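Next up: a single chain in structure tokens, the form predicted alone.
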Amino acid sequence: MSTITTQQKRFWSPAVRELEPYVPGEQPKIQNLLKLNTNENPYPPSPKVVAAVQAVLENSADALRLYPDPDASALKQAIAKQQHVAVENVFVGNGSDEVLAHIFKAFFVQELPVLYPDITYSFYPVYSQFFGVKTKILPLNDNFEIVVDDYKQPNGGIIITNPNAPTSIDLGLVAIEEVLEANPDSVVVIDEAYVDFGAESAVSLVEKYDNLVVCQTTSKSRSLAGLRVGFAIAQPHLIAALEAVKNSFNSYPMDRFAIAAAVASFEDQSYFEAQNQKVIASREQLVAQLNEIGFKVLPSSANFIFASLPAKDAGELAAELRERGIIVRYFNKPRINQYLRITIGTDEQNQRLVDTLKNDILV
């Protein structure tokens, strides 16, 4: 995009002029590219997902002509069954990013600030600025762990990514309960985009805590990043607030194809679990291989790892990998600018990364 001048920006709303938008992971078009930068699942979705999408067109001449179900009832029912909650506990949206946007608007526009870590999902500060949400940023400790006691102070809400991104470290349910119990009058959001790769979900706590919202996505563990399906689970009074925001913004966020695909995915639990186990096994193997060649890798419960190589600058290493057709995520930010976030690929893809490092870059 060409540079927009100050004169041209006079048409923009004042708040938009000051926005610092979220920067998504790069999607380059490079031949023979090994893409380990956006945490996409290396395996395809369930074959039942493909069949369900095809059936939408084959079985209905009105699939494109008519609006989809604005409530996405079939999807809510499938999620409720798989998550062992009532349908009234489920909210769905166009990817978890949209769900998170509704969460910020529904719960966090308060007099007191929202609390979240200094190293976390980088959309949180964007939404905070976009919705005018006051924030108080709390530093992770030297081991990149959340300090639970820091969240025991007056606030207008709390949001924690678990496992955290980009650090990959998870926070156990005991610690999450401690945060919930310390903040009975604030909404606590647990963003579980990567929970299926080794962490324990806080969904089991929803019935007990009336201030808990759990947000998840189908993009990672269900290989549906291209369809944009996210959801939240909470008690009905919190779901009602999200529905009010959604119906004031976009009454039809879920198209027929996304609904059908996600329903099929939630109904094929065995495939879902098998693919996740493959990713977990590959992650542990890659961690061992990287440790052998001098990397420091943080404990991961996600489908990515956060790793540093003390002998080499992380930015330079990312650039050298890119020259060889391998892209990883580098964050040029304080405290983490010597780490790389590396998505777990197939065993073959991970081996290409290791071989490139051992035989080409680190020789």
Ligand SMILES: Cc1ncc(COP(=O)(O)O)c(C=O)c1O
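Keep in mind it's a predicted model, so treat the numbers as computed, not measured. Just count from 1 along the sequence shown to find any residue number.
The discussion below concerns the form predicted together with this ligand, not included here.
| message | Can you tell me which of 216-224, 254-262, 285-293, 271-279 lies within 4.5 Å of this ligand in the predicted complex, counting heavy atoms only? | response | Contact criterion met by 216-224 only.
| task | Only one of 198, 113, 125, 95 comes within 4.5 Å of this ligand in the predicted complex by heavy atoms, so just point that one out. | result | Exactly one listed residue reaches within 4.5 Å, namely 95.
| Contacting member of 151, 266, 194, 104, with respect to this ligand in the predicted complex [4.5 Å, heavy atom] | Contact check passes for 194.
| For this chain shown on its own, do 100, 165 and 228 all sit within 4.5 Å of this ligand in the predicted complex, going by heavy atoms? | The answer is yes; 100, 165 and 228 each reach this ligand.
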